[in-house]
Each structure stands twice: as structure tokens, then as C-alpha cells.
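The form predicted alone is given below as one chain in C-alpha cells.
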């Protein structure tokens, strides 16, 4: 259905603002901010006509409007400003972002190794588990059977996937899906990507080829991987220096547990909101493999209101005060690097929380 240029400009402004804010858009806001050159009354009349034509809808009693699937379709096909990355640009973006992430991993690994060297015990570092969302989708049309999915995540990393199709798809469909995913799938966590959301997007796109499911599956996989904490273990073989672990079977069980990323905190506990050193002694530990060991844990500020862990595993006879002092300063240094924290004040580095049975 053909509509006037003014209606198209207003529709585009509504969709742009709704994508940005996720709030219904009113005529007064458009008149003041969208640069349409129309009065609020004129915009209000045009909005009413766009509702009558099926491009917009008015939720409940709100004064604002939101796009309908028909409005999104018009926006995607004719109105939106298109952004395209070449394959080379996409690869360069991924290279730069992955290099930045590698720097972070190297920092945590280095601190873990240093903790092991300073204490002569195995050390582990656990990065914070952070709920991750997609900030932006770019679907890049390559040819009739190929397109690229590019996801910019809330942790400022990027993930991409080259999709080969057994059927032909046109560029308009890829652009339509890009707009719909940007409007419906950005800034939501993995658990919010429900079958209902996927199905409604598929219907809005008039997608009979399963493209929505392919993109959704990649999003879910990416968000799941991004939110998982990463564990780094250093110095497992230092256990063999301790008399308690001269039994090869006993040492092997603990070394295998640590190398496999075994948990050191009880289920449901984490590092959030704690600046104190924690000590778990012998049977207090979460796993059978740790029952003859003690674990000393410090948390660090990983930025964005999240925390990670750095810890030492050793015999129950370890020098807890010395280990706690070293871990505390290492954690403070890691916090300063990642979260902008300050070094602890003098005298605070031996503060312990001893977990008793």
C-alpha cells in the first residue's frame, strides 16, 4: 500500500525511536526531537492515519505508538538507513576484538601463575560470569545462498557466522530479518529468547525458509558461551612438593579435579560483593577431591559491577596468613587493572573469614 512521503518519514522516526528506547513514541516527542518540520498536531493526525492503515498500533491507553509487523516491513524495505560491512571489515573487527579479549585472558593467566609461584601451591583464577546480551545485529548479504551473521555483544566482543543455505534468499529478506532482530532480540538475556519470540519474529518476517531459527540458534549459542565463567589453573604439579600429596593417586585425583575446572565454592555461592579473603578447610570444601585440602580465595573487581575469583589450593597446614596477604594484594592489583579499583589500605591484607563447620 502506497503512503505519502511525510507518513514514511514519520513512520521511520517512530521505528527508529522505538528501537532505541523500547517505549511507545508520542507526537510531542517526535515534533521536538525528530526534525520532521511538522507541528505536533500534524504529526498526531499522521500517526492516527498510520494506525488506521495498520503500520502502527497504540498499546493500551498510552499516548504513544509502536510499529506493527507491517510497519517494520515497510521500514526494512524502504526506510531504514542500511549499514553494510565487507567480509574484510568483518574479519578485521573480529581480529581486533579477539585480540583485546586475549589480552584480558593473558592478564588473568599471568596473575594465576604469579600466585602459584609466590605461594608454591596450585593457583586458580575464575573470571566473572556475566549475563551477556546482543547490542546490535548485522546480517550481511553475500549472495543468493549465503549471508553473514555479525553480533556485537554487550561485553564489546563480536561474533560472526557464515551461513550457507540450501535455498535461495533475496537481499530484502536478509535486511528485514536484520531489522526485526535488532528490534526484538537486542538487550535481552538468553533466557528471554523464548520459542514465542522466535515464532513471532518468523511470522513478522514472513519467513518460510527457517532463517529465523538459524539466526536464533546462533544467538542462543553465543550468549551461552559468553556468559560462562572461564577458569585458569597454574602450578598443579606443585602439589607434589607437599608431604601430604606424596601418594601419587591422591595427588593425581586433586590435580585432575583442578585441571578440569572443578568448583571450589559451594553451589549457589559466588564472589559478588565480597572484599574479604575466604578460607575453606578440609571437609568444608565442596568436592570430595578437596576434603584433604584447604582453599584460600580472594575476589577481584572485574568491572561492570562484577567480580571474579583468584584462589590457592594446598594442604590444610598451609600458612593462611601469608597466603591471604599475597592473594589480597594480587586481587587488588587485578581489580585495579580490570575494574579501576584501589589497592587495599595498609593493615587490611590479612583480614580473613574462616569458614567453620
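Residue numbers count along the first chain shown, from 1. These numbers were taken from a predicted model, which means no experiment stands behind them.
From this point on, the text means the form predicted in complex with the DNA, which you will not see here.
The stretch in contact with the DNA in the model of the complex, judged by heavy atoms within 4.5 Å, is 38-46, chosen from 313-321, 326-334, 291-299, 38-46. The DNA in the model of the complex is not approached by residue 15, whose heavy atoms all lie more than 4.5 angstroms from it. The DNA in the model of the complex is approached by residue 25, whose closest heavy atom lies within 4.5 angstroms of it. Using a 4.5 angstroms limit between non-hydrogen atoms, residue 307 is distant from the DNA in the model of the complex.
The DNA in the model of the complex is not approached by residue 69, whose heavy atoms all lie more than 4.5 angstroms from it.
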